[in-house]
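Just one chain is shown here, as structure tokens, and it is the form predicted on its own.
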């Protein structure tokens, strides 16, 4: 399979879409019949704060950032039902995958989508004003039902953030992988090579990892900057773990 045929993109079906039972409709819009694309990976995720903050890292410090994090974690749509807080994460693969998926999702702003692309998925979404403690509107939150990678760089970063390589079929992996030769543990924001009480094993010898993640881990151990942050590596390995805060 050529590189162009393996172009991949990440799609997240967000909590607002799940709450109004749009999952079937959304999947039908992305079907191989409509797009020529195929599933490369899929899973249901209880979104941790770590992965939410890494996913939206570019928005840190903005007024709408806290609301955005609560939104993707499902806290806004299921404030009293933590068991329902989830997203469906999908990887689609095939020629021109990024453009095709974004064409179906439509503009980021649902109001713009309704005006300019009324047949798209996000045209069914809404825009929610965000207010501060005094009741003043400080921004907007786009409840736009789905996320879709914007470009090739974002797609690679996001696929690697939400999925381990062993969650994607071998012949559909688009990015280099390596086999780990030692243990890597995570505890309280620190990377360790020996187990400590309360720590979590991210990777064990023989484990398959993204090559860029392994480079990042090794650089961090040597005190050098890595291609990605420790949190972006750890986040995918901590997803859906027992005891994850709701």
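Positions refer to the first chain, counted from 1. Keep in mind that what you see is a predicted model, and the values were worked out from it rather than measured.
Just so you know, the form predicted together with a small molecule exists too; it's not on screen, but the next bit is about it.
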> Of 77, 164, 157, 102, which one comes within 4.5 Å of the small molecule in the model of the complex, counting heavy atoms only?
Replying inline: 102
>> Which residue, 202, 40, 37, 68, is the contact with the small molecule in the model of the complex, using a 4.5 Å heavy atom cutoff?
In response: 68
>> Within 4.5 angstroms, counting heavy atoms, which one of the listed stretches 177-185, 215-223, 28-36, 54-62 is next to the small molecule in the model of the complex?
In response: 54-62
> Would residue 144 count as a contact of the small molecule in the model of the complex, using a 4.5 angstroms cut-off between non-hydrogen atoms?
Replying inline: yes
> Would residue 108 sit within 4.5 Å of the small molecule in the model of the complex, counting heavy atoms only?
Replying inline: yes
>> Residue-level contact is defined here as any heavy atom of the residue lying within 4.5 Å of the small molecule in the model of the complex; does residue 14 satisfy this criterion?
In response: yes
> Might residue 173 be said to contact the small molecule in the model of the complex, defining contact as any heavy atom within 4.5 Å?
Replying inline: no
